[in-house]
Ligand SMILES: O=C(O)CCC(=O)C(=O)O
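There is one chain below, alone, in structure tokens, taken in the form predicted alone.
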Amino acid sequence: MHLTNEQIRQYKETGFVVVPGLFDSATVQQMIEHYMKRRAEGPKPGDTGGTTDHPEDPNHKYPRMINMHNWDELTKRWATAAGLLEVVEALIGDKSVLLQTMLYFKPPGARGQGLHQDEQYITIDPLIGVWVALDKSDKAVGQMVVVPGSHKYGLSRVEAADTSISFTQVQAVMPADAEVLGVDMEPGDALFFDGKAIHGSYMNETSDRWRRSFICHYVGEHSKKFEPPPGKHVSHLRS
């Protein structure tokens, strides 16, 4: 899938771009059925429902799965789809290397995730995230939100998140002029975002809608590991 010059410009300027219909409806439905079945099988390596101080959070019943490509062939196939990799490589300017896969279920009533930068977790630069909507994603279900241009500030400091609304305990300190933008997406749409772009989500406020998403992280063959500055990595929250 070829990106337009305008899409590439938007990514460089804002730190993100949405590619509509990256996966067709039949594939999206297959993904939903596949991951719901895999989830029903029981625990998988790396599962997490988030902090335990809110046991009522439905995320605990449908914990996030991680690195499924290590044990699930369909995940590996979807994460290395030619059209997806073509977009990644156009944006990162390098041959792509799959680093991580995740599946967030986010059932009705579930917590979101405090706004953060992926490089506050994964200390490799450049890094690119890909967030594929499997359900209609809007404000009511806790859509993805981004802070346009935040990738230009470098890494932000970390601070404690409000775990009544975030299933993680850490978030980025927001720039003074931050504008939080909600991104409406249809099933199969893909949000590509820079590893330093601040993003996250709020609670799923519905009683009957899911906000499942297939997520991948990629680096380039020439990406480099780095030492995070003090106070700017999730592990520094208590230091």
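Model, not experiment: these values are computed from the prediction. Numbering starts at 1 and follows the sequence shown.
Not on display, but discussed next: the form predicted in complex with the ligand.
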Segment assignment from 206-214, 36-44, 176-184, 23-31: heavy atom within 4.5 Å of the ligand in the predicted complex: 206-214
The ligand contact in the predicted complex: residue 144, any heavy atom under 4.5 Å: yes
Residue 201, heavy atom within 4.5 angstroms of the ligand in the predicted complex: yes
Contact of residue 72 with the ligand in the predicted complex (heavy atom, 4.5 Å): no
Contact of residue 102 with the ligand in the predicted complex (heavy atom, 4.5 Å): yes
In the predicted complex, the residue from 113, 150, 120, 96 that sits within 4.5 Å of the ligand by heavy atoms: 113
Residues of 1-38 having any heavy atom within 4.5 Å of the ligand in the predicted complex, listed in sequence order: none
